[in-house]
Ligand code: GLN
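Let's start with one chain on its own, the form predicted alone, as structure tokens.
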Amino acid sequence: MEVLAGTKMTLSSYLEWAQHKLAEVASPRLDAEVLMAHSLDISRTVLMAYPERFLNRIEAEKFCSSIERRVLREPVSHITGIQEFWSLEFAVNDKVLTPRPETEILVAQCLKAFAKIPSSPVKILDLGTGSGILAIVLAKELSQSLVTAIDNSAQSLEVARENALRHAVAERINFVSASLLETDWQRPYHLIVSNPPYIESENLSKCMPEVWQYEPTQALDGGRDGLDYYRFIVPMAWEKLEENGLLALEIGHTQAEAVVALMESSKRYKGIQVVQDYSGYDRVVLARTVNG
């Protein structure tokens, strides 16, 4: 780590060095600031207030080590162990998918759908909970809700339980170890929500190194055309939802037409709606159940 040679350097000098080292990542300056704040155990606001502060050797070594890990394209969230979502901090590691900002669209649509019935318990099923972000945010925002969160990875469920305790909603979430494609889900629910694996198998290696090298394949691989989980969820969800229940799914930005077609061909859904993300890409499909 050549930056440690010679005299001590200021915080701003280390950030400039790190920004240069991280030139090939998407947001070099932001990543450098986040990792510096983590290394010093301070907020980015405090960090910016003291640009001429000198780092001691321990602080410098910790920061430089984190930058070297980031140069290898390890996600910032894995280095810090934390990812922000819905203005909350969630523990993450290499056993769970790092929460993406666009998934907040899925949360917002679910909350919008149930905003008018806060006094009655909302029964929710979260399929493939991962780090637990959907189950936990919905439990926090819908204070009368009861959530079942399913994942086939015991290691993912450990992370999800930790996050549920962190945000004081563990008593209203039942975490279940089971496969999305095999379990006989209990019923009935007012809402079934899922951000399932949806990347085409052959495209996994084309993702950014942060994704295909460090994130769990089982949370990404949606099969040959990326639709394996939707083919199972769409018909099964209808059987497990209350009358006029809501199915809310995150999708890949090219998959809206195919997922809508699955819903239409089943003839079990109405009010099918596609919602775009902040960048204008199709990101969420919503549908209500038709009386069976």
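These figures come from a predicted structure and were not determined experimentally. In this text, residue numbers run from 1 along the sequence as written.
Missing here is the form predicted together with the named molecule; even so, the following discussion is about that form.
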TODO: Find out whether any non-hydrogen atom of residue 107 is located within 4.5 angstroms of the named molecule in the predicted bound form, and reply yes or no.
DONE: no
Open item on the list: I'd like to know whether residue 102 contacts the named molecule in the predicted bound form, with contact meaning heavy atoms within 4.5 angstroms.
Closed with: yes
- [ ] Consider residue 196 of the chain shown here, and say whether it contacts the named molecule in the predicted bound form, taking contact as heavy atoms within 4.5 Å.
- [x] yes
Open item on the list: Please determine whether residue 79 contacts the named molecule in the predicted bound form, using a 4.5 Å cut-off between heavy atoms.
Closed with: no
Open item on the list: Using a 4.5 Å heavy atom cut-off, which of 70 to 78, 147 to 155, 168 to 176, 93 to 101 contacts the named molecule in the predicted bound form?
Closed with: 93 to 101
Task: Contacting member of 122, 220, 180, 159, with respect to the named molecule in the predicted bound form [4.5 Å, heavy atom] - done: 220
Task: Contact set, 250 to 270 vs the named molecule in the predicted bound form - heavy atom within 4.5 angstroms - done: 250
